[in-house]
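As structure tokens, one chain now follows by itself in the form predicted on its own.
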């Protein structure tokens, strides 16, 4: 007679608290989304008095909606230009790609990619000049979507539309992550205050106070948290700001501080939820 496997252990109190916190965060996100949608509706705006603070919230949501629409439809344009170099290939003809970025309600300086046709027997395009940040994998995208012409019977197809759309997405993701770090600093009360100025004696609780939040890599996919007592945390986020991993080191035993990590994360699945927790003092 085969022995039955022992039943799984019951969930601990910490597991139940973490599960409930995750559900609370999801419900708060849903409530925020529904509230913003209702306040931006034209029928709702007609019912809001002119002196009500809700009108300011409604105006902010409308501005956000318009910015999102612009980012989706009008931030990628093509233009023709001419290289003034008399020895330029293809008689100096240039096809330009302009990428505009809206970050933190402001339009940044556009990015440009200039393409030319250096191949004498082919109309294939090649990246000639660009102003894309080095951390964006431009060469990899060009190799994938704008390959050089094949030799002999081997022909390569280029897809300029997919190259442009993918490059725009990567640039927007990069600036989104930059904005996330800025929002984390603001939520933690670090905006405009250097680590040396704070020195662990700010408005927090002494040695348990966050004194610095900064990117740890050029792609801004890893964020470093530093506390006044010497603890260090590393948060790894995905392309769109989702939390992939969080580790805090430097607890009482000098190893991994799981309690501080749980307090900082609180069941959040994206960095925006961590920002709200820091802003609310959770």
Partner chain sequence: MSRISVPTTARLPSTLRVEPSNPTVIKILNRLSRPSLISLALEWLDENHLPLAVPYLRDDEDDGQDENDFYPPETSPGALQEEYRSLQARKGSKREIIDRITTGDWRHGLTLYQLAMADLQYLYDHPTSQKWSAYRIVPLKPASDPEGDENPQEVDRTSLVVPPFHPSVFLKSLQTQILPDIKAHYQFDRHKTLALMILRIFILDSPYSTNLSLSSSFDSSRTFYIAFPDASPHVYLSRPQTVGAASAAASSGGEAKSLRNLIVEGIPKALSRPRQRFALTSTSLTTRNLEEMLERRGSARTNSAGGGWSVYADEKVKESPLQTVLPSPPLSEDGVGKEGGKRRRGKEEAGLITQAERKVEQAMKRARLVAKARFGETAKVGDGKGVERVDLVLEDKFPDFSDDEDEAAGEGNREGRLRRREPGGPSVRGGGVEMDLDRMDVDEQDDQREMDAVGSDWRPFVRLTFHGSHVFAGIRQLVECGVIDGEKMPGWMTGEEGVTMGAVRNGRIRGHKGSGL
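Everything quoted here is computed from the prediction, not taken from an experiment. Positions refer to the first chain, counted from 1. In this text, the rigid core denotes the largest set of C-alpha atoms whose superposition between the two forms falls within 1.5 Å.
FYI, the form predicted together with its partner chain isn't displayed, but the following is about it.
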* **Proximity to its partner chain in the predicted complex, single hit among 185, 128, 124, 176 (heavy atom within 4.5 Å)** => 128
* Asked: its partner chain isn't shown here, but in the predicted complex which of 139, 103, 191, 157 has a heavy atom within 4.5 Å of it?
  -> 139
* Looking in the predicted complex, any heavy atom of residue 144 within 4.5 Å of its partner chain? -> yes
* Does residue 165 reach its partner chain in the predicted complex, with heavy atoms at most 4.5 Å apart? -> no
* Asked: Taking heavy atoms and a 4.5 Å cut-off, does residue 88 contact its partner chain in the predicted complex?
  -> yes
* in the predicted complex, does residue 135 have a heavy atom within 4.5 Å of its partner chain? -> yes
* Structure fact -> Of the residues spanning 20 to 54, the ones with some heavy atom within 4.5 Å of its partner chain in the predicted complex are 32, 33, 36
* Asked: Comparing between the shown form and the other one on the rigid core, is the C-alpha shift at residue 21 2 Å or larger?
  -> yes
* Cα distance between residue 61 and residue 111, which in the predicted complex differs by 3 Å or more from this form, closer or farther -> closer
